[in-house]
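Shown below, as structure tokens, is a lone chain in the form predicted on its own; questions about how it binds or moves come after it.
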């Protein structure tokens, strides 16, 4: 895949969350749509069921007092976007397919593609799951997350289902992997294509962009971000 096809729009957190929802609502039911984010600056997103106060306190603890956390439509915990490779995937989701199977397919495919490029990771096992909960997504790995050779979590994601489509939002930490951002993005694309059996679409239709701009109002509103 050419580098130009992987280049994403430069947006803030509300803009990216809105565009992902537009893709979920508007893309064909049988399509695999892959989008890499480009951030306009440091950002923080947090899962749909997470309390907004926890995200605010987490940002303050990092010295990010000027960063407004934005609630995702997907689950998961708090994610700081400060150099991660953030991407979203809209994919067909059979009604009989469990969320765990979606995570496994996506992460297994990316793991295989990373291995082919010389980057070694492994799928985190439920047998190794630590006790206790954390609001931060990268505080510890969850089952089916990717971890590096040192056990550090390098890839996690969150899901939302709408009819027979799913939205996956993922964050890949490139630190310590010894590979360029371009190579890692290509590995993500190749891994998805191989595991899901579809060629990812990366071109965004004008109507999706327009719908995304209309949806931004929700993701900027206190009613959405501070609802719990």
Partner chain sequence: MKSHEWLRLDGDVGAVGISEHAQKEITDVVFVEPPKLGRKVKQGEPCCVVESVKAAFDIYAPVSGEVVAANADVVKDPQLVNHEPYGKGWLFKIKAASPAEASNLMNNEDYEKFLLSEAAHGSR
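Residue numbers count along the first chain shown, from 1. Quantities reported herein were computed from a predicted structural model and do not represent experimental measurements.
Heads up, the form predicted together with its partner chain isn't pictured, but that's what we're talking about next.
- Interface residue remark: residue 81 is not counted as part of the site for its partner chain in the model of the complex, having no heavy atom within 4.5 Å.
- Using a 4.5 angstroms limit between non-hydrogen atoms, residue 147 is distant from its partner chain in the model of the complex.
- In the model of the complex, residue 58 stays away from its partner chain, with no heavy atom inside 4.5 Å.
- In the model of the complex, its partner chain stays beyond 4.5 Å of every heavy atom belonging to residue 151.
- Remark: none of the three candidate residues (65, 185 and 216) comes within 4.5 Å of its partner chain in the model of the complex, counting heavy atoms only.
- Picking from 173-181, 186-194, 41-49, 199-207 the stretch near its partner chain in the model of the complex, with a 4.5 Å limit on heavy atoms, gives 41-49.
- Shown without its partner, the chain has 92, 93, 94, 95, 96, 97, 98, 99, 102, 103, 105 in segment 88-117 as residues with a non-hydrogen atom within 4.5 angstroms of its partner chain in the model of the complex.
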